[in-house]
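Single chain ahead, by itself, as structure tokens, in the form predicted on its own.
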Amino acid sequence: MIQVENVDLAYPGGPVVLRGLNFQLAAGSFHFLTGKSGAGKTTLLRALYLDHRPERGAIRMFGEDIATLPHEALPALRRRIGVVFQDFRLLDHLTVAQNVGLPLTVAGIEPDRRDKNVAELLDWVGLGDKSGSYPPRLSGGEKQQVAIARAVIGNPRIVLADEPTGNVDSDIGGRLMWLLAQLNRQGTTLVIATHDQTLLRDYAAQAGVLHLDGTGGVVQQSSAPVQMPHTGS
């Protein structure tokens, strides 16, 4: 699903922060991305959600090398990737339902189908009664739940989450991780940047770890079991 080969990544207009990255993530796998503050976790995630091209090397996603892909081809590829930002990035002038449905609106999905999908997803994340609310009236945990719903509304094959439990208490954090783990069990490839040792401990049997060593060096990778799609009964 993701192949990173001899990649250097730099801050925009700044120095190289990661050098010689090499790793592969299987389809349906679940990995935590770890490392101390400033190690380059967010920089790597930006590259994986196609917001930042490498200085050197190749990043292949779905078999496509993003370093050589024409800019006009990027939007279609991005629609296969869901992103949960640490700062939520919700639009305050739109309701919860409108924020969640925005990717479908942009994709030109018919309104009735879009609204049905949004309502079902908001029920799934536990915010069915907040569909008409605006982000400023939500708690931090509710905003993160909206951000997760927006990230997955288009059924992406990969979900990238940057510190999704960093702004919430442990109870809400557990709920958010349950939602993300359910996606993985349905076959979604999951990469979560975190410094939360509790998460690493609680999901040790389920997730692998990509660790940035903080010196700009290579990623140290531990393997993860591939979660097979849930077929139900």
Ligand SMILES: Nc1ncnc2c1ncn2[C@@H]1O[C@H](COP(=O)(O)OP(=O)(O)O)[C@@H](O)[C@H]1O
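Only a predicted model underlies this, so the values are computations on that prediction, with no experimental measurement involved. Residue indices: 1-based, along the sequence shown.
Unshown form predicted together with the ligand; subsequent notes refer to it.
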| item | value |
| --- | --- |
| Among the candidates I59, A207, A39, L180, the residue which, in the model of the complex, approaches the ligand to within 4.5 Å (heavy atoms) | A39 |
| Proximity to the ligand in the model of the complex (heavy atom, within 4.5 Å), stretch among 61 to 69, 180 to 188, 43 to 51, 164 to 172 | 43 to 51 |
| Contact set, 1 to 35 vs the ligand in the model of the complex - heavy atom within 4.5 angstroms | Y11, V17 |
